[in-house]
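First comes one chain, alone, set out as C-alpha cells in the form predicted alone.
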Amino acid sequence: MERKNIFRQLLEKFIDIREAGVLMPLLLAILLFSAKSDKFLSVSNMTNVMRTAAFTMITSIGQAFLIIAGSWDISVGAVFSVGGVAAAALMSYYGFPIWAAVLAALVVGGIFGVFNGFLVQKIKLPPFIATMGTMYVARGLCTGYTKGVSVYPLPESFLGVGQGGIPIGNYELPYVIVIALVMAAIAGFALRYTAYGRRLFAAGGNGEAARLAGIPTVRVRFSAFVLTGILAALTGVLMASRVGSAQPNIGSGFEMTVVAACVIGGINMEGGAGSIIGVVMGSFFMAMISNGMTLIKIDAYWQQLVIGLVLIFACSLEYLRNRIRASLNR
C-alpha cells in the first residue's frame, strides 16, 4: 500500500508538470535523428537548430501571453513579413538609420496588434475571424508594396545582428539566440512573478470571475495583442538581418509553427495555463523536427504531414494528462 501511494504521488507530480508532454517526443526525436544522422548532434547543426528555434521563440512568447489570457492570433506570420519589409524598405529605399527603421517596424507591428485587439475586445469578433482578416490585410500590404520582390541591399552593420555572434573560444554564439533567450527569461519572470502575469492567468482562467474581482480583462488581453504584434514584427526584422533581405512571403505558414510551439510546449489553448519554459522547449522541438527530417532526407512535401501528426500527438497527450489528473482526484 505504501509503495502504491508513493507511485501515486510521483505520478501526480509528473502530471502537474505541463512541460512533461513535450519531453517524451523531444527525447524520442533526438534519439531517432542522432541514430539516423551523424551530423545531427554536431555543434554546427545544433547551432542551426537553436537559431531557427530562436525566431519561433520570440513570436511564440507574445502568442503564449495571448493564449494564456484567453485569446489567440493567426496574423503573426503576415505581421512577421510586414515587420521585415518595413524596416528593410526604410533603410534601403529611404535612407533611415538602423535604429529608426527598426523602431518604425516595431510600431507597425504594434499597430496591427492594436487593430486585432480592437476587433476582438471592442467589436467582439471571434479571434480566428478577426486575426485571419488582419492576416490578409497585412499580407496584401506587404505584397502590394513590394510587388512580390525582395527588399535589399541592407546595411552591413544591420546584417551583423542576424549573421554574427558572440565569440566564445572557437565557437560563435549567434546574437539571435542570445536575444531570444534573454527575452524568454524576462517573459518567464514577468509571467510568474509580476501582477501583470497573474492578470494574464486570471483573464484566461476565468475571465468573468477576474472581471468581477476588479481585473481589467479587456485591457489585459488588449495589451497581449499589442505585444504579440510587436514581437512578430521584431522577428521579421531579425529574419531580414539573417537572410540579407526582406522577403514579402517569408512568413507564410509561420503562424502555424508558432501556435504549434505553444501547444506542444504545454500552453492551454483554452487559456489560464502555461509557461515560457514550455514555449522554449516547444520552439526547439519544432526547429529540431524540421532540421532532423531534412538531414535524414525526408521529402519536404511529407514534412508538413509529420509535423501535423506530432501536433495531434502533443494535443492528445494534453487530453490524456487531464483525464489522468481527473481520475487521480476522484
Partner chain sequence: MAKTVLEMKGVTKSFGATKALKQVSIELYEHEILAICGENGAGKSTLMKVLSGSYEFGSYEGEIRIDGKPCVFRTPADASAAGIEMIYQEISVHLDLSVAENIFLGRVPLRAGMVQWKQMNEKAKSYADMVGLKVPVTTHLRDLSASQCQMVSIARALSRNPKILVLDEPTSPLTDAEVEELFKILFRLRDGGISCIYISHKIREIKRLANRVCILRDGAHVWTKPSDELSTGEIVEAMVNRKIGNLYPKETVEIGAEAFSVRNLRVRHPYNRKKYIVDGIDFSVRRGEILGLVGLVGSGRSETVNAIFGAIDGSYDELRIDGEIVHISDPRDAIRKGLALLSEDRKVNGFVPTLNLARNITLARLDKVFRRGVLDREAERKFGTDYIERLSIKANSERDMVTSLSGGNQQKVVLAKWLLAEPKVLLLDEPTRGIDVGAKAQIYQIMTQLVRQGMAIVMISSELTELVGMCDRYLLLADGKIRAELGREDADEERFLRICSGSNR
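Nothing here was measured: the structure is a model prediction, and the numbers come from that model. Numbering follows the first chain given and starts at 1.
The following text describes the form predicted together with the partner chain, which does not appear among the structures shown.
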Exactly one of N206, Q163, T143, S252 has a non-hydrogen atom within 4.5 Å of the partner chain in the predicted bound form; which residue is it? N206
Considering F128, Y171, Y152, F189, which brings a non-hydrogen atom within 4.5 Å of the partner chain in the predicted bound form? F189
Only one of these stretches, 216-224, 82-90, 132-140, 96-104, has heavy atoms within 4.5 Å of the partner chain in the predicted bound form; which one is it? 216-224
Does at least one non-hydrogen atom of R199 fall within 4.5 angstroms of the partner chain in the predicted bound form? yes
Could you confirm whether I123 comes within 4.5 Å of the partner chain in the predicted bound form, counting heavy atoms only? no
Residue-level contact is defined here as any heavy atom of the residue lying within 4.5 Å of the partner chain in the predicted bound form; does G272 satisfy this criterion? yes
Would you classify V182 as touching the partner chain in the predicted bound form, given a 4.5 Å non-hydrogen atom cut-off? no
